[in-house]
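Same chain, two forms, each on its own as structure tokens: structure 1, then structure 2.
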Structure 1
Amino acid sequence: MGLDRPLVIATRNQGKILEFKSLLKDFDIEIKSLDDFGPLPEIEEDGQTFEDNAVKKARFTARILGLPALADDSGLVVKALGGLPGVYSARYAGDHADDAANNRKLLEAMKGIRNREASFVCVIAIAVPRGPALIYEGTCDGLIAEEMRGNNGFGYDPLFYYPPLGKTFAEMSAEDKNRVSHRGKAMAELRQEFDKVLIWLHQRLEEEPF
């Protein structure tokens, strides 16, 4: 079963867009991202949890575009930093911080700290213009590296060392990262029941004009 309208990935983060397109490539649905639409009001990510923010992004996008939307709220939870940067991961080094600035700040904060344990967390929400949202979650445990390594991926990938493969996420191929990552795991859960999700979307969208 396919879908008679596109599913909008509610992000402009190019790293996420690439990963979702690859993770959903086997399904008969058209994928769009916010980049396929004109300017849209910014969504304030003021939730206390990844789930709050994911639902907020998915709902708002579905409502303003009148289309089903999938949002991802994710981040890096570092044990020795009391869970930071957590929900603040995208703006750890300031409101308009880029990946390089966030990585520098993290390395600085971790200087001299022996316990390097960290987890990537990803919460995915799927919403339609009206009604409830579906939630999927994935986590991946690793260590904060002492220095940046690798050029693939995005965000904190060069600093996230994954012991089972002996590499940082930025040293892995996209396929390897998707197999073990927080996003890959959340999507594996979703993919397992994607046929049912499509039926749910059909039912919820029946009354929505297209």
Structure 2
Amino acid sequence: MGLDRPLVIATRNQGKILEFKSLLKDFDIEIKSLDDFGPLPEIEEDGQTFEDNAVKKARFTARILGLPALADDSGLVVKALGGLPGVYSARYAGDHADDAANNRKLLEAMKGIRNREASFVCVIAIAVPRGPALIYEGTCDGLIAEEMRGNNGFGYDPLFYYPPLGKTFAEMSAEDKNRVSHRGKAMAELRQEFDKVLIWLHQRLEEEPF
């Protein structure tokens, strides 16, 4: 079953757009991103959880554009830090911090701490202009390394050590990372159910004016 309206990926992050387009390439649906539209209001990601932020982004985009929208929110949860950086992962070291600054702050916070358990979490939400959202979640458990290792990936990848492969995310190929990562797992779950998602979207959109 196809869809007579495009699905908008609510991001301008080229890496994410390519990942989602690749994931959904076998389905009869047109994929657009925020880059395909003019300037849009900024979405304030002020939710208390990843799910709050993903749903807010998806619903806001769907309502503004009058099209079904998909958004994701993800981050790093460190046990010894009470769940931080969590929803603040992208701005842990400040609103305009880069990946290196965030990693340095995390290393500093973890200095001398023996329990280095951590999880990457990703929540994907799909929403229609009026009404509910579908939620998909993926989690990957690992440890915070004592130092940054590897040059691939982004964010906290150089510090996130994944014991089953004996590497940080930044030391893995993109293929290996996508197979085990939080976003990879959430995407796999979404892909598995995407036929049902299309039916759900079809039914919901029939109830809404185009």
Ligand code: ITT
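Predicted model, so just to flag it, every value in this text is computed and none were measured. For clarity, a rigid core is taken as the largest C-alpha set superposing within 1.5 Å between two forms. Residue numbering: structure 1 sequence, from 1.
- Here the form predicted alone appears as structure 2, and structure 1 shows the other form of the same chain.
- Once you line up the core between structures 1 and 2, the Cα of residue 201 ends up 2 Å or more from where it was.
- With a cut-off of 2 Å and the rigid core superposed, residue 192 has a Cα displacement that falls short of the cut-off between structures 1 and 2.
- When the rigid core is held fixed, the Cα atom of residue 47 travels less than 2 angstroms between structures 1 and 2.
- At residue 22, the distance the Cα travels between structures 1 and 2 is 4.1 Å after the core is superposed.
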